Each structure stands twice: as structure tokens, then as C-alpha cells.
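One chain comes next, on its own, written out as C-alpha cells in the form predicted on its own.
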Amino acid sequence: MKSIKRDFTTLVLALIPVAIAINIAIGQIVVLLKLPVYLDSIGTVLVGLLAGPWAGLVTGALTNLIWGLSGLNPAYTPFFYVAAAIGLLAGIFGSLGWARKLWQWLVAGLITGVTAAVLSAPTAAAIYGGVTGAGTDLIVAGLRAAGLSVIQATFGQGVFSDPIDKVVSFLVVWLIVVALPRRFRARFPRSTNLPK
């Protein structure tokens, strides 16, 4: 319980709404452009890395709940648990020190992407028939045209898009953290696990 409380410092509590806004803003742009990725977890991964798994989990879950319930993109609400898992994993990998080496951090993004694909496919298939209004719908449509079932096509799209999406997101976060002044980075709960 102490470690959870330690992770939610005043600075982290101020960062979470900013991270949520970053997720929604970038995510909305990607949806409007119909790109075959999401890029809606950059803020979540950033909080997970800087503040730990629980703060990442909260940021991810709140992003999708606020995004969906605000009416901006209701299709994303049911995926709040996937966004929470992304934040949790970013925090775990960060706590393990994987961000100290870029290649390890990118592997963490790859693992997180595969996990997100596995977690999200059943919901996307069951609730939306694989069509969520994102640019990834084109991939689902192509796989369906090739004869795959809804769940197979949705899972195939996820295995293709999610790892790419999370590797890019993890890379962007790594570049952001490296660019932050050391004195500022030192103010976060997980600063000892950050890249030099």
C-alpha cells in the first residue's frame, strides 16, 4: 500500500490529466485520419514509466472511459481494460529498468502490443463485429474478404497493428523522457529506472 501511495505524488496527480488529454488528442487525430494504428497510449506509457504500474493503469483506464463517455469516441469505452493493461505493463517494464536501454524498451512495447491485441480482439469482435470506426477497420475488412471469421480477422488486425503501434508509442515516450531535464525527471517516483 505504501508503494502505491508513493507513486501518486502531487506531480503525478497533475501529470495524469495532461497524459489523458495527450492520449485523446492524438487518438482523435489518428481516428480522423483513419490511420492503421492508434497512438492513443503515449500519455499512458509516459505515466507508467515515470510513476509506476498503478499510475499507468489508472491513466489508461480513465483515458478510455473519459474519451468514450464524453461522446468523442464511444467505441473506445469498452476497451478501458486494455488501456489499463497497457499502462500497467509500461509501469512494470519501466520498474524493471527496461527503459535504460532503448532496445529493451522497444521489446517491452512489442510485448505490450501483442498483449493488447490478445485482450482487445474478443471485445472488438463481440461488440462491434470487428469494426470500431478506426483506420484499422480496413485491415479487418481485408482479412474478412480473405475468408477469415470476425474473431480471426480482428485478432489478425490486432497482431499486425498493435505491436507496431506500441513500439512507436514506447519509442516516442523514450525520446520524451530522454529530452526532459534530469532535475525534472528526478522528481518522479520511478526516476531511478529511467534512461540516462
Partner chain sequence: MSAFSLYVDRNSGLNRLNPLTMLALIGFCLVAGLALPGAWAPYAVFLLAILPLAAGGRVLRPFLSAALKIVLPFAVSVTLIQGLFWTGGTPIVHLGPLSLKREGLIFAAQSTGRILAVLGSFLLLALTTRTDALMIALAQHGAPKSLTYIVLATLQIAPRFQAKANTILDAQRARGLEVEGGIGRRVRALIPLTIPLVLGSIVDIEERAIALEARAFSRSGPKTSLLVLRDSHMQRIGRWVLVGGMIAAVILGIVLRR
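Note that this is a predicted model, so its numbers are computed, not measured. Think of the rigid core as the biggest set of C-alphas that the two forms share within 1.5 Å after superposition. Numbering follows the first chain given and starts at 1.
Quick note: we don't show the form predicted in complex with the partner chain, though the next part is all about it.
Contact annotation: residue 160 falls outside 4.5 Å of the partner chain in the model of the complex, judged by heavy atom distances. By the criterion of a heavy atom within 4.5 Å, residue 167 is excluded from the residues contacting the partner chain in the model of the complex. Not displayed here, the partner chain is kept clear of residue 122 by more than 4.5 Å at the level of heavy atoms in the model of the complex. Within 4.5 Å of any heavy atom of the partner chain in the model of the complex lies no heavy atom of residue 92. Shown without its partner, this chain lists 102, 118, 75, 110 as candidates; in the model of the complex, only 75 has a non-hydrogen atom within 4.5 angstroms of the partner chain. Interface residues of 8-28, taken as those with a heavy atom within 4.5 Å of the partner chain in the model of the complex (partner not displayed): 10, 11, 13, 14, 15, 16, 17, 18, 20, 21, 22, 24, 25, 26, 28, in sequence order. Shown in the overlay between the shown form and the other one, fitted on the rigid core, is a CA shift at residue 168 smaller than 2 Å. In this overlay on the rigid core, residue 39 has a C-alpha that sits less than 2 Å away from its partner position between the shown form and the other one.
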